[in-house]
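The chain below stands alone, shown as structure tokens; this is the form predicted alone.
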Amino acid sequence: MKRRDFIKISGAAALAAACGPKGAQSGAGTVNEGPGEMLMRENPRNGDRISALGFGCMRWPMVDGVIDQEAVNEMVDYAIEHGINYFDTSPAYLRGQSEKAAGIALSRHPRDKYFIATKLSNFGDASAEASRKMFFDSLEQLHTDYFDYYLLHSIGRGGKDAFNKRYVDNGMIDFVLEQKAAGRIRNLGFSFHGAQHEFDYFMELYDSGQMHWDFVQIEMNYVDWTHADGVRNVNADYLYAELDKREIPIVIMEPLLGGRLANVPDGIARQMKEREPQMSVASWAFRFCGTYPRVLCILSGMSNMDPLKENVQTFSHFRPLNEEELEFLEQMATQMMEYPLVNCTDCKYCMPCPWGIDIPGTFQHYNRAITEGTYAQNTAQKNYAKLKKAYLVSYDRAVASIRQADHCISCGECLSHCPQSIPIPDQLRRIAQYVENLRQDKLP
């Protein structure tokens, strides 16, 4: 479905309502309480008033591999003070440290000041014993006796068979439904990564009454809206439309594509700045997601105070995009697809690599060079020698030589862990070959 057609079908009234003081009544109702106050969305299923900007706890600040709790406390205090009340974490984030840090920071505030979302992340051990332990450990780590929003984590990959192994055959579906009936789960949903036929299966479960999803978390941004590969990931316009017609509230992950839409290539950034000189590049991506009325909350993994303050400003003075601005972003997305970027969101699920490769670090350095225009494309390129030196020096600084791409042995251990279904060994080989060609001045 084209974006122009979708906006017309969704109704101009819904988007116009999002601009008004009390917002839309369809989808996730928008409640904008005046200038300078956090944009709030009302969950039409239970009346929860949730901040449109949610705090994703996957990128807490770290010092020597350990979460900086003092910095986390400061960020959480600022977030709550400025209206953010939805915090999303997981037992899998930051190698198991995220929930504990979130629990320490949040428990310093009254429980009715925030909503906790966490997940059943039983990737490694899907046994009933381990999965149940994960649930109760999360309650303990987060210093709470109930979860506001609980997700079956990253379903889709592996389709029906993987879903049955992780949640059905081990009795965990019955278990979480029992916990919901007991009040330990207020809302049950899932986060999705996978192909269209896999998503359709989970919608069939909903339609047949076998599962009741209170909400669904999807990857949505102006690039993935119509430019997902269609094989490993689904265009977000399809996911949104399917959830919208069933009136299922939507939580958004990866609105910035792991930071890539906050640091777009220079040519695209210039076009954005020409249109809105006072707006950050990242604000375009957040406004895109917030324009759609079924969206309940948009998660951002903020690792320090600067993006936190900037994002609070975006959502405290929120302006939905009009049709012409949506078309502009589609043009920017088309241009983004012309760059040879790796679709890595820096989630670090692929880590630790058994052979010590810094997979996300290698991908992030490579993508950064492309977006910042410091990517040597051929030996005839202007300033080639300078670009070559800059890439090689910065690569060695960003990633230790023994952890670089050329040490990958293609064992494939990482493949099943990547929510983006990136062919990681292939991409590492591509980067390793690029580096070797660069060193030997053999670029085409």
Partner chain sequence: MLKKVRVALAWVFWIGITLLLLDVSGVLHTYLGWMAKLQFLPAVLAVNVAVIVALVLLTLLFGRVYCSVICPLGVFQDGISWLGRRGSKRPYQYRKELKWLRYGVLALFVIALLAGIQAFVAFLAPYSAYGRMVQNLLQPVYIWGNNLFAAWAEKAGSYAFYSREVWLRSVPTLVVAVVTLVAIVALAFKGGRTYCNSICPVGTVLSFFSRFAMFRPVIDRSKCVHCKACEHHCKAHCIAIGKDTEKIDYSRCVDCFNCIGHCKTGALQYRFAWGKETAGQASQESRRAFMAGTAVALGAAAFKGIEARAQEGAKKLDGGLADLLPKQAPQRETPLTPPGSKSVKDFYRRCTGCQLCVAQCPNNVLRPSSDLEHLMQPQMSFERGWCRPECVRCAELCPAGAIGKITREEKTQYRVGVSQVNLAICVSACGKASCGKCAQACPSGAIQMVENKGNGQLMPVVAEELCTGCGACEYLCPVRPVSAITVNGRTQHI
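Positions refer to the first chain, counted from 1. Remember, predicted model here, so these are calculated numbers, not experimental data.
Keep in mind the form predicted together with its partner chain is missing from the figure; the text below concerns it.
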Which of 208-216, 73-81, 333-341, 356-364 has heavy atoms within 4.5 Å of its partner chain in the model of the complex? 356-364
Taking 401, 408 and 440 as the candidate spot, are all three within 4.5 angstroms of its partner chain in the model of the complex by heavy atoms? yes
In this chain shown alone, the residue from 352, 158, 171, 267 with a heavy atom within 4.5 Å of its partner chain in the model of the complex is 352
Which residue, 204, 125, 274, 324, has a heavy atom that falls within 4.5 Å of its partner chain in the model of the complex? 125
Partner proximity in the model of the complex: residue 426 to its partner chain, non-hydrogen atom cutoff 4.5 Å: no
How about residue 415 - does it come within 4.5 Å of its partner chain in the model of the complex, if we only consider non-hydrogen atoms? no
Does any heavy atom of residue 393 come within 4.5 Å of a heavy atom of its partner chain in the model of the complex? yes
Does residue 166 make contact with its partner chain in the model of the complex, using a 4.5 Å heavy atom cut-off? no
Contacts with its partner chain in the model of the complex - residues in 93-122 whose heavy atoms fall within 4.5 Å: 93, 94, 95, 96
